[in-house]
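Encoded as structure tokens, the following chain is the form predicted alone, with no partner shown.
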């Protein structure tokens, strides 16, 4: 048996739609795999009752098929589905690493990115790498058609998860099909600022680089209380706030000393909007890890 831990992730980071992603040091999925004649799936943990165990409808089934590695796969969900924290990517990345190890396929983490992305396609309809890349590789990632670039960043974060469900498919439907040249220039400038901030491990630059006028405003409307939560986090010391992935989680960047205050402000703002939520005081973290037996 092989056991792995795969982290939650946050994609887009505001200005980097379908390109930027970060691994979070918490929460995470734990996945156990054992060789079998055919793939079967067992699920426990947060939101597991909403996830299909049919391998044809589950992300890990697609990964097992892509690797030709049938197994009994047991998933302990720590990353809630439909959270905007890369729940399906965590399971996909975990399965890819675990099955690669179990069957000694010899693939590198970079080579496993498109394999894990096949699992993502089961959920979103398209094989995107913006979540699976950081889940596999850790740090800050830039995923393009040419490959993945990784930066070993160390940035404090707060991820606030409200008890609202936003599906990836629904969140993609509201993305505008065009943008003005002014908004494009603004977004490119912010994305460049964010990337430099990650390289310098500068939370203020990263926060400033999150601002986006194209995708985030449309997705924010799917999250009750988002605007109030964003303002509360900024007032509490966050340097930047945006929708995490497809939502509904809200991601804040701040100094490590401000995380408790920012998390409390975000929770209070959601509470005032009559939305229950929980906050993860986290940071940019490592990718999927094989655990000791």
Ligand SMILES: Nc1ncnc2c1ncn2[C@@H]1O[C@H](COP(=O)(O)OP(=O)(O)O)[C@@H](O)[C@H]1O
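Residue numbers count along the first chain shown, from 1. Keep in mind that this is a model prediction, so the values were computed, not measured.
Omitted from view is the form predicted in complex with the named molecule, to which the following refers.
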Classify as open or blocked. Procedure: superimpose site C-alphas, place the named molecule with its pose in the model of the complex, test each ligand atom against backbone and C-beta atoms at 2.4 Å; 3 or more hits mean blocked. open
Name the stretch, out of 140-148, 206-214, 86-94, 101-109, where some heavy atom lies within 4.5 Å of the named molecule in the model of the complex. 86-94
Might residue 75 be said to contact the named molecule in the model of the complex, defining contact as any heavy atom within 4.5 Å? yes
Give a yes/no on whether residue 82 approaches the named molecule to within 4.5 Å in the model of the complex, heavy atoms considered. yes
Answer yes if any heavy atom of residue 52 is within 4.5 Å of a heavy atom of the named molecule in the model of the complex; otherwise answer no. yes
Just checking whether residue 242 would be counted as a contact of the named molecule in the model of the complex - the rule being heavy atoms within 4.5 angstroms. no
Quick check on this chain: which one of 155, 115, 123, 71 has a heavy atom within 4.5 Å of the named molecule in the model of the complex? 123
By the heavy atom within 4.5 Å rule, which residue out of 26, 227, 35, 57 makes contact with the named molecule in the model of the complex? 57
